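Below, in structure tokens: the form predicted on its own, a single chain.
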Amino acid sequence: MSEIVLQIDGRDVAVSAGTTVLQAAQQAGIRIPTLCHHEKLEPYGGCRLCMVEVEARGRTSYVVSCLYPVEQGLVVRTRSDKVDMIRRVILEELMAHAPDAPELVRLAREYGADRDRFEKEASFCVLCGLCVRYCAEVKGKHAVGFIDSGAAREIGFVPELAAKECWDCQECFALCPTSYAQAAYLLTEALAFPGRRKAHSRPA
């Protein structure tokens, strides 16, 4: 496989063709923030926090690094005034939904984001899709999925599948940056198969 050399934050980085800019940065130990990326999952580009500045053939543009493939001679800047501004606004929008999520709070401090800039719409889900994609791509169960679209979009567990698959799994809970996946599952459990937790907690 051919090798591609690009520049990230002034450093020459050599990677294989087909690598994304985010993967190249990670291989070089250069941190780019992201909420929706996971090494076991297909790139998604949902949170857009991994936006970077790229320069190719004399043109500068702003791209989602988890989806953008490397190319020979590409110049990447992971921090600039414009990049920081983009990430700050994205964080402010996300914090309208999950203002107390620890990872968002940490990133808000780093980028100077105002958690109160936008009116609160506390769904507590930032639609990163990690739970949905992990259940489908890694577990092959499809027990959680997206519901509705646009502003009404949210994640939800399929009761029939959740009752059978999720009790002994729950691997998606640890991936969720806001803990909403666990809360959504517990609500499904309480409504769709009440009494199960109590039955399983009885002493033998």
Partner chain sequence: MPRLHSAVELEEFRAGILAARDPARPCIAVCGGAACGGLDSAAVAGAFAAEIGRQGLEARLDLKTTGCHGFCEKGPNVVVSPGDVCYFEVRPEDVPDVVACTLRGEVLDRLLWTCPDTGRKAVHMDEVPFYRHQTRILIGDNPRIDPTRIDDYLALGGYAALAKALFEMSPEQVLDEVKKAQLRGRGGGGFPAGSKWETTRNAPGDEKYVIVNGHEGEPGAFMDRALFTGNPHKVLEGLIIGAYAIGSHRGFVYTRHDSPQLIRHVRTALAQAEECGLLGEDILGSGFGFHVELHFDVGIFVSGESSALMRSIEGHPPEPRPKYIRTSVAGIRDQPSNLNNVETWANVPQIIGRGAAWYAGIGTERSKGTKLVSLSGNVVNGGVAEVPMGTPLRTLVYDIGGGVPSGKALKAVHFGGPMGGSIPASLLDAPLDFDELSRLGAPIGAGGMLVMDEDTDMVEVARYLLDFLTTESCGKCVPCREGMRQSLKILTNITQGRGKDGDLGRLDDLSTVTGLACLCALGRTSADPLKSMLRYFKDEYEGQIAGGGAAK
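In this text the structure is predicted, and so the values were computed from the model without any measurement. Numbering follows the first chain given and starts at 1.
Only in words, not in the display: the form predicted in complex with the partner chain, which the text now covers.
- The partner is absent here; in the predicted bound form, the one residue of R59, K40, R153, R31 having a heavy atom within 4.5 Å of the partner chain is R153.
- Listed stretches are 156-164, 22-30, 169-177, 61-69; the contact stretch with the partner chain in the predicted bound form is 61-69, by a heavy atom cutoff of 4.5 Å.
- Within 4.5 Å of any heavy atom of the partner chain in the predicted bound form lies no heavy atom of V132.
- In the predicted bound form, the partner chain sits within 4.5 Å of a heavy atom of K120.
- In the predicted bound form, R79 stays away from the partner chain, with no heavy atom inside 4.5 Å.
- The partner chain in the predicted bound form is not approached by V105, whose heavy atoms all lie more than 4.5 angstroms from it.
- Contacts between stretch 23-52 and the partner chain, counted in the predicted bound form as any heavy atom lying within 4.5 Å, involve Y44, G45, G46, C47, R48, M51, listed in sequence order.
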